[in-house]
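Take a look at this one chain, the form predicted on its own, written out in structure tokens.
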């Protein structure tokens, strides 16, 4: 007989595996709601043209795409940004600005599997539409920090590296580079951290050798680690665009400082994000201690809604993946014991007592308590063993003697202490015990 397994890069979630991911999702939702973001969702299957419009034909190599029974070219979604741009663009005139939306969605990419990366994964996505100023970056970066702090991570665990594609464009144009040269240089800068100066071959292959002055200028920008350093470089160039852009940097960093988040943010112009649709500030959250590197990333993409058929609408967003985040929390010992356990385990003397207990079981469940009981007749010893192993905090004991007296025994399973509770007061007694 055939033995079936999940497909390569796809995960089965047994209850003990799903519990940590559910914990991540719960924390992310709490953070998003605290910031006033609204949750949305969308079909997992999208038109292939949506991604071609964003990334070109080369994107197909990373997709689970096919022709459906209606002869439509479709794909499982590899990311949420085109989808949310499509949705916002369709109703932009009816949506109150700024539009603050988030989603937690399964995504699919046909790519090489490695640590922290599969072919099906979940992402938390948060985006702000309709706000062109740096206030949107302040809001989103602070949300990103909160999403990670909510997991117990602190500034010694991660930092958000802030950069700016606009600043690079202005800086390189001021040194005589044209638009295509700037794009090639940004491609090289994106690989610089991994390849060192060998990354400049990305530029020289198409635009010829770099002058010593140009290389020195790029390396100087890459060495900048503070706003003061950036201001010093800009002051030397006396360029109006660069000077004006510094005002936005001061607003972003000043706003995050006012929120008490400066320890979580660093200036790092080596981050340019490889996706060409980014149009301004870009940022990535990085693991400070381990080898997981990028934990989350995002930036501004003011042109994408219009490119995908909607109106001109400024936008900025970021995403966090579940696989890397769970790995990090396990490494730091920050993944709590999130297994689902009953609050109450009901012990019954027999068939008649079971029926008597059903009324209280139903009443406790109706107000939100997790209640379990044996479905088959078992001896008291086995039931108490099951109660302890279940992780429940209390047991309610429905024996013949107790019911004859109109009471139920409430046992503290950690202290092994018992107290009689009148039948009509069971719900109140459970509430009082579980609330401490």
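Residue numbers count along the first chain shown, from 1. What you are looking at is a predicted structure, and each value in this text was computed from that prediction instead of being measured.
Below: the form predicted in complex with the RNA, not depicted.
- Proximity to the RNA in the model of the complex, defined as a heavy atom within 4.5 Å, holds among 175, 109, 149, 332 only for 109.
- With the partner omitted from this view, the residue of 283, 278, 102, 200 that lies near the RNA in the model of the complex is 278 [heavy atom within 4.5 Å].
- None of 366-374, 34-42, 396-404, 66-74 except one has non-hydrogen atoms within 4.5 angstroms of the RNA in the model of the complex; the exception is 396-404.
- Residues 161, 251 and 359 are none of them found to lie within 4.5 Å of the RNA in the model of the complex, as judged by heavy atom distances.
- Among residues of the shown chain, residue 412 is one whose heavy atoms approach the RNA to within 4.5 Å in the model of the complex.
- Residue contact check for residue 428: none of its heavy atoms lie within 4.5 Å of the RNA in the model of the complex.
- The RNA in the model of the complex is approached by residue 8, whose closest heavy atom lies within 4.5 angstroms of it.
- Although the partner is absent here, residue 117 lies within 4.5 Å of the RNA in the model of the complex, judged by heavy atoms.
- Contacts between stretch 181-195 and the RNA, counted in the model of the complex as any heavy atom lying within 4.5 Å, involve 191, 194, listed in sequence order.
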